[in-house]
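Take a look at this one chain, the form predicted alone, written out in structure tokens.
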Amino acid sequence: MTRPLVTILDDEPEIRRLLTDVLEEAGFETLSFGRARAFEAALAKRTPDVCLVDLSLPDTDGLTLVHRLALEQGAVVIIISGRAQVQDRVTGLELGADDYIIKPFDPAEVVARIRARLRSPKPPASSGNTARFNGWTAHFDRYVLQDDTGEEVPFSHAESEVLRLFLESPKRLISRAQMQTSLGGAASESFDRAMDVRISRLRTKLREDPKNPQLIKTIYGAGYIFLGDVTWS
């Protein structure tokens, strides 16, 4: 069986060596880079399963890179950074990262977080890569939402997981606990905040009224429900 590929982008050699050793011992294949240019050149040849990205890079802005990866790559994007401020974490999640790990970190936690992200369920045989609902078409193979005029809006890998969860269970209540189980997260304030950010971004992309959304409804104290009629192909 092919080992999942994890790419590591960090300008600290000690961090790269530590992550490489721990991940390969855990059964992952790794590629590590100290500069964003070499990292992006490698991604043009092969898409990894997970990208670990530091924000403090010598040759590019880490947050801009995370946003680009989230929209253009099919990989899980996990930020590993010494920036511990809440706003940095929120910004990283808003730009499309799947998770945020603060330095210094426990290597075992990194392995656990990666495994949790990779355990996210695959699409069932009953659904495909294209879903149509309420004048929208979601192309999960291209990470694009298309409206009835043909205008396209990109969405990130993290947003796609949440959107697919809603579209595969329309008109059914989805609790926070169910989201946690389905999306491979750990129960925490960080996970809840990540879900809030992704749902807010999906509502914006679907041009929902933030005060009265019609598709993704919040059931306070219970969870969320998607009210559209969905067909898959």
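Quick note: we count residues from 1 along the sequence shown, nothing fancier. This one's a predicted model, so the numbers in the text were calculated from it and none came from an experiment.
Another form, the form predicted in complex with the DNA, is not on view; read the next lines as being about it.
- Among heavy atoms of D196, some come within 4.5 Å of the DNA in the model of the complex.
- Not displayed here, the DNA is kept clear of S81 by more than 4.5 Å at the level of heavy atoms in the model of the complex.
- Contact annotation for R89: none of its heavy atoms lies within 4.5 Å of the DNA in the model of the complex.
- Using a 4.5 angstroms threshold between heavy atoms, R164 stays clear of the DNA in the model of the complex.
- Partner proximity in the model of the complex, defined as non-hydrogen atoms within 4.5 angstroms of the DNA, places exactly one of 29-37, 201-209, 47-55, 164-172 at the interface: 201-209.
- For the partner-free chain shown, T218, I219, Y220, G221, A222, Y224 of 217-231 come within 4.5 angstroms of the DNA in the model of the complex, judged by any non-hydrogen atom.
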